[in-house]
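Both blocks below hold the same protein chain, though in two forms, and each is given as structure tokens: structure 1 and structure 2.
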Structure 1
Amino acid sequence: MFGPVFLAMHIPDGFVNVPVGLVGWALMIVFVGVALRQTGRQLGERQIPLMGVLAAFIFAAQMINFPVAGGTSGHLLGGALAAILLGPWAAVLVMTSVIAVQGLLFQDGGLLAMGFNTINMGILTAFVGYAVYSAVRKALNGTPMAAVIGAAAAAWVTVEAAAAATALELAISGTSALDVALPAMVGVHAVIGLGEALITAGAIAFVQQTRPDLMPQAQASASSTRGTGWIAAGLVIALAVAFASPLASSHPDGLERVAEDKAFIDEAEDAPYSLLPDYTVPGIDNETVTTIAAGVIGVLIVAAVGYGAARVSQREHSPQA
């Protein structure tokens, strides 16, 4: 009934060569370092727990692949959603927290490839998504509906941008020619991006209706002491999504589909170690239970890492730092 969890666009080791992987790591370190400094200047007391909650939700949502045309699946990336709610620099920290835990704990995405996985799915999506959202919302006079439309447009564009960047890295690494990988990646992710757009727009509409004070235009004037129940509610929602993760589509994700169709899937290398591989917990044989257990563990760890990153960023910017 249930299938294993596949995550889209996470590049495994073997798809990028060592020089390209090292460049990715260098760029990631620079961007995350700047993000820690920039975010510390912008964070209020409300944004700090929101970073943890949002990281947990994005992690859980990424466990649920939805089927798209042609026997392929996709899932939320989340960079645009995080950037809309927190701004691009804070979104970089949120997405880095998610992708790092996925790679280090669940062996989802290669270690050498982690730099460009973070850039493609976290940094690029945060800045491109924020730019598109801001432009669309401004063009439509900043109404609540403009925010929803802008979120949908931003989400779709970010998926395409991440797909194009991945194709470029594969081409530079000599894994697949650009004229082969680029149209294949952009084509399949154009459909996956529709799912990203629907989920992101729905999430923004939900926040506007239920907690408008969490929207960025309202956060500056909202009291930091107005209740903390939303933090627990957010974590409960993330855990509930994790419990639904065994329902994820077992079809190959976008990158995996392209790798199979273009005959470079065998270039993928296994991780050098195994902790919670493929979102399972060793010792739990039931496929449904082990996936849920792995999801719950991941949600709690990612929430802690996202919250911790926010606190570190705030301390870096404090007068005593």
Structure 2
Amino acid sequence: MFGPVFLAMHIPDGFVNVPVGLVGWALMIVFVGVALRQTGRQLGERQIPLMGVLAAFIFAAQMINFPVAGGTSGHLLGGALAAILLGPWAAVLVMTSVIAVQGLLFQDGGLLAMGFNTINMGILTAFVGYAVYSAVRKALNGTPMAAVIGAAAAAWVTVEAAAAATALELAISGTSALDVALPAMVGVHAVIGLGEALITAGAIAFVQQTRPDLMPQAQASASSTRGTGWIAAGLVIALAVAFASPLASSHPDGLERVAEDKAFIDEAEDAPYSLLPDYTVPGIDNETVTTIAAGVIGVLIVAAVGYGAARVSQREHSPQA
């Protein structure tokens, strides 16, 4: 039903290990939970049939292919298209539904791997795609051509982001070597992304010409202030993962494992500076405690940076609201 190009993105079971799979599920649950809240507040009951039909649309649109060369054909993945047409939160729900149905009914992507499949092809693409599209549109002063160029850029970037994330997750699972898989995935998808860019731009151009009323105008993202409870929940889950991290696996990093086996680890150059060397906090002897402490500090730093970025973007939006 789907070509190998498509399969390159849907991680089947067996390729991510259990801790990585569970982290993916935890992240997916948090993001989908926030998305449900956001979209529920915006549109209500009317949203449900709309989202269902649009999820079927993305699924079906992936069947539209075009011949490239030598018998191969390209087709749409749809993450960026969903993000542009529906906004990031609705796109998260639509893409999550697509990936859930592909995994549950068609074995296109695994069940344990579903968390990260959703993140790679649904959540990451929704936010990265929407951000790139909005940035390009703003930079080009919102002309009709800007939307088309923005759509192309967003589509290409989302495919690359998803490919890089996939390579990263496989490497962390110890299923593939990052130094080989990352350049290969990003390189191959740089070409696949061009097809995605052309189709997405074509679709946006078409919608803009025939139904300009449906094109999302620069909607003020006033809703970004909501969901404080979910942010707290996300933080709690991230902290829980940090606490569980030393228990999860004695070989947390596949790459490091390989390096250790090779006895290369001594030859690896030390980073010029390092805040939390080897995910441990200096001065604490117990290995488990220090790993947990490092994880907690890491989570808090990431949360603080994220919160700061959200505040900055909120301030940018507030004059329009």
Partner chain sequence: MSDSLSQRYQPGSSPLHRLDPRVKLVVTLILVLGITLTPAQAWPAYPLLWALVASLAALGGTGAGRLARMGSVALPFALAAATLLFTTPGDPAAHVLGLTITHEGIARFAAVVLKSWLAVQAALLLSLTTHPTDLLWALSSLRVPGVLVQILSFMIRYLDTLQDEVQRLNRARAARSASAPGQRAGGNVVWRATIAGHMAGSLFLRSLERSERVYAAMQARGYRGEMRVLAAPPLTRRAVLWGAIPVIALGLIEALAMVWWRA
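Rigid core here is just the name for the largest C-alpha set that superposes within 1.5 Å across the two forms. Note that the coordinates shown come from a computational prediction; the quantities given were computed from them, not determined experimentally. Residue numbering: structure 1 sequence, from 1.
Looking at both structures, it is structure 2 that matches the form predicted together with the partner chain.
Taking 2 Å as the criterion, Leu50 counts as shifted between structures 1 and 2: its C-alpha moves by at least this amount when the rigid core is aligned.
For Met63, the Cα deviation between structures 1 and 2 after core superposition amounts to 3.5 Å.
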